[in-house]
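Okay, so here's just one chain, in structure tokens, the form predicted alone.
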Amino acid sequence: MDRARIVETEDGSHTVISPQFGEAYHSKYGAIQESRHVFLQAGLHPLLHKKEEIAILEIGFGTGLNALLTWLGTKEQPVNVHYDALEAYPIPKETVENLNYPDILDVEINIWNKLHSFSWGSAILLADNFRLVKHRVLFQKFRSARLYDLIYFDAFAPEAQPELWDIPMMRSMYNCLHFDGVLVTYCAKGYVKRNLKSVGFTVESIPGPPGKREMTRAIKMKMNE
């Protein structure tokens, strides 16, 4: 199998080309700006003023960038975060060590190393208000008694992982959320939005990050809404 390959994106931050799927983990137009736009601005930020506790499920831990940005975006906020991250194909240690996110984001290297080196299935505190658990598992096999306020759906594109964009997956994610829970993804394909609607989500097409006209936000509305 080929090794994971690091590529610089247009905002200067790195992405990785997956040897399993031949796909990049982040947009070539800017890894950091894409993650901030899709997951933080469209997903996390609207919840910060509404909740004192936020449970986040990330489907596709990948490079750890979304988790790192979420920690940075909440460590000084009056909110407690529980963050479950799923990853079936972890990036090799030597690849992680060469990613430039700590330098660009001015993050201490011990935090970056801690994010990646702690054991799968264990919990760590990146801050007093930020609890992270990484799970080395496919979403289809993940089981949790917890309901989530927010899903970061960061799977590879439908062409690479079609089974993750079909109706059974959408139904499982719907069932993982509280009412008023939100799912955000970079993908804006019509059939993906139709699949989300078919299981009960209210779907919004909103402006995408650089290089994409639209992205998708889906909300699990209360029954009487």
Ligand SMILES: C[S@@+](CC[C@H](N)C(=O)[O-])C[C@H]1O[C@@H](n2cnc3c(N)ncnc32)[C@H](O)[C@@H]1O
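Note that residue numbering begins at 1 and tracks the sequence as displayed. If you're wondering where the values come from, they're calculated on a predicted model, not measured in any experiment.
The next section is about a form of this same protein that is not shown, the form predicted together with this ligand.
- Of the candidate stretches 57 to 65, 189 to 197, 173 to 181, 41 to 49, only 57 to 65 has residues with heavy atoms within 4.5 Å of this ligand in the model of the complex.
- Contact here is defined as any heavy atom lying within 4.5 Å of this ligand in the model of the complex, and by that definition not a single one of 71, 118 and 131 is a contact residue.
- Using a 4.5 angstroms limit between non-hydrogen atoms, residue 26 touches this ligand in the model of the complex.
- Although the partner is absent from this view, residue 137 contacts this ligand in the model of the complex, with a non-hydrogen atom inside 4.5 angstroms.
- Residue 88 belongs to the set of residues with a heavy atom inside 4.5 Å of this ligand in the model of the complex.
- The closest non-hydrogen atom of residue 33 lies beyond 4.5 Å of this ligand in the model of the complex.
- Exactly one listed residue, out of 126, 81, 155, 151, brings a non-hydrogen atom to within 4.5 Å of this ligand in the model of the complex: 155.
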